[in-house]
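First, one chain by itself in structure tokens, the form predicted on its own.
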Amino acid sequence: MLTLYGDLDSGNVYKVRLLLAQLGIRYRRVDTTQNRGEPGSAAFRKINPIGKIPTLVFDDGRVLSESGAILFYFAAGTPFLPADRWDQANVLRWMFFEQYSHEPYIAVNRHWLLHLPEAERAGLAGRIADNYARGEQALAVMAQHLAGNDWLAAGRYTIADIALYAYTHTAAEGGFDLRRHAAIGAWLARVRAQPSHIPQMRQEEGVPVVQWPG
């Protein structure tokens, strides 16, 4: 059985959990969290030298990390990744947008506001404000596109939507008001309506779970 290292609070782990659920692929999860410093431990780095989650270990011992790479691997040959090269390129374009123009601001603010002590957050007030402005810019780009399109790429639900849903549907936890972006709200509802969807990032989906170290 596949083994996924990661926790329920990580949007990057959630992306993988969501795709595996929608593909009906069985796996077990080893609850490994950055908040306890576990991915940076020497023991974890023997599995993944980069020290990041999600990390996926196959039955034959191969290891795959980086959420986008994992999504691409499992989506290949399925409706979640189109065969047409232009459509594929646009799926990847939105996934790269998520990693470089969306997550660094929306996900980081969420982490700081949820997990840092108040005194530490106060020292980051300027950076939080800057992240907010950049995150709003990313949301505006998404909203403009979704105002005329049901999905982000290829005219259908793909791993581009999975990648951006993860930290968009929890953006309010980072101080972002999605009510300002009606097109995003409608898109979130369409994503939630997909078969085998996991509605919330922290929702268990009935897979076997062991605690790190597993």
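Predicted model only: the values in this text are computed from it and were never measured. Residues carry their position along the shown sequence, with the first being 1.
A second form of this protein, the form predicted in complex with another copy of the chain, is not displayed here; the remarks below concern that form.
Candidate site 114, 154 and 181: all three near another copy of the chain in the predicted complex by heavy atom within 4.5 Å: Not a single listed residue reaches another copy of the chain in the predicted complex, so no.
Stretch in contact in the predicted complex with another copy of the chain, which is absent here, among 184 to 192, 170 to 178, 52 to 60, 146 to 154 (heavy atoms within 4.5 Å): Result for this chain: 52 to 60.
My question is simply whether residue 28 lines the interface with another copy of the chain in the predicted complex - judged by any non-hydrogen atom within 4.5 Å. Outside the cut-off, so no.
With the partner left out here, check for me: in the predicted complex, does some heavy atom of residue 76 sit within 4.5 Å of another copy of the chain? Because a heavy atom of residue 76 falls inside 4.5 Å of another copy of the chain in the predicted complex, the answer is yes.
Could you confirm whether residue 45 comes within 4.5 Å of another copy of the chain in the predicted complex, counting heavy atoms only? So residue 45 counts as contacting another copy of the chain.
Contact flag, residue 33 vs another copy of the chain in the predicted complex, heavy atom cut 4.5 Å: Taking the distances in the predicted complex, the answer for residue 33 is no, it never comes within 4.5 Å of another copy of the chain.
Only counting heavy atoms and a 4.5 Å limit, does any residue of 133 to 162 reach another copy of the chain in the predicted complex, and if so which ones? Those in contact are 137, 141, 144.
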